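Shown here is one chain on its own, the form predicted on its own, set out as structure tokens.
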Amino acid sequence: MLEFLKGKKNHFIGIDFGTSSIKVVEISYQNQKLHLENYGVVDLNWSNHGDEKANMKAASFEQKLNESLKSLLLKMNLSSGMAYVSIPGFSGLITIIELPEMESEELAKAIKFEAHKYIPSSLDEIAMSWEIIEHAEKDAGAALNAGKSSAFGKKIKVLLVAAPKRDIERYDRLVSGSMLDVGAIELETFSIARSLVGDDNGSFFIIDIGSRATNIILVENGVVKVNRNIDAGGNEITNAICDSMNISRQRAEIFKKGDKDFLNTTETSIVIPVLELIVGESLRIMNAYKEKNKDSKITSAMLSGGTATMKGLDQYFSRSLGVDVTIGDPWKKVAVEPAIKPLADDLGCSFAVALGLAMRGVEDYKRG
């Protein structure tokens, strides 16, 4: 979705432009298995003086991103290859539209008409893609009582994905400025779902906490059914620790990544408003899902993102949501050399987006 395909090889590169770092991973597809070939990360904590940061223009920021990516690729010795790139989840729209079954040409027009309800800006400025994810029958009894044939009872569910063209073009420029080819650009929501869930059967609930935003995703049988974005994440958790303990932000970051549990012990517990916000929205989504799918239940709930490994966070969400919450493992389907396995384990789910992107390349390769 939202893609620009440019060829195939058996090595694929995923590039995750996060708000605090750029993560790059290279995997290969050999003997029907995924293999880790290379990975790297560069922090985006550029030093600025005076009002330089406040006055930084978008073009200057983009140039810095491009320079950081080039520097990282040089260290990784990646001078060529097919790169798959993500757009932040909060930049796009994912929604499911229910429509009567109709011919393809009519369906395209109907989807464009429905899209106006969800997208406030001109559709000329938006890149859209869609796919039918479900065919179903309406209430057959109601259709017959109305004197209509069963054909009138057919309906479809369509997954609609949209993002601003300017964002797609921006990320395309960032990578095109390197020696890599852009294979596809997609919303990071799909990358996360691909690396943590794939096409596994069942209903999976993912809470991805990035530094700036939190992405709440519900995946059912490999299809993203719900996606919500909260404009707050790891930075707000750091700020809460900073304010509660009256310490510097740098020290609060160290505490957040340390071995002390600030969430579940009475003596040291800290109230972190953003976590309460995430819990509230998660419960709302889960309850709405249970109401619509009374015979179904959440197969697995997991945390993702750089903040996921914060001590006690999985326990906090398990208690608050009333379900068992674990830390997601995007590396579970990737073969990693024993010598660097500890490093990969340490990176954990912070590489969920980058790995999911590279896996997208493998999917395209296999389909070709």
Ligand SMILES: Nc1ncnc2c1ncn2[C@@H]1O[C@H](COP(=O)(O)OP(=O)(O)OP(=O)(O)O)[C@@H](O)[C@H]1O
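All residue numbers are counted from 1 along the displayed sequence. As the structure is a prediction and not an experimental result, all values here were calculated from the model.
Same protein, other form: the form predicted in complex with this ligand, not shown, and the subject of what follows.
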Which one of these stretches, 332 to 340, 308 to 316, 60 to 68, 32 to 40, sits within 4.5 Å of this ligand in the predicted complex when only heavy atoms are counted? 308 to 316
Does the 4.5 Å heavy atom contact test between Leu78 and this ligand in the predicted complex come out positive? no
I'd like to know whether Arg251 contacts this ligand in the predicted complex, with contact meaning heavy atoms within 4.5 angstroms. no
Distance check, Gly18 to this ligand in the predicted complex, heavy atom within 4.5 Å: yes
Check Lys257 for me: does it contact this ligand in the predicted complex (non-hydrogen atoms, 4.5 angstroms)? yes
Just to be sure I understand the contacts: of Ser129, Asn293, Ser211, Asn221, which is the one whose heavy atoms reach within 4.5 angstroms of this ligand in the predicted complex? Ser211
For a quick test of understanding: in the predicted complex, does each of Lys23, Gly234 and Ser350 have a heavy atom within 4.5 Å of this ligand? yes
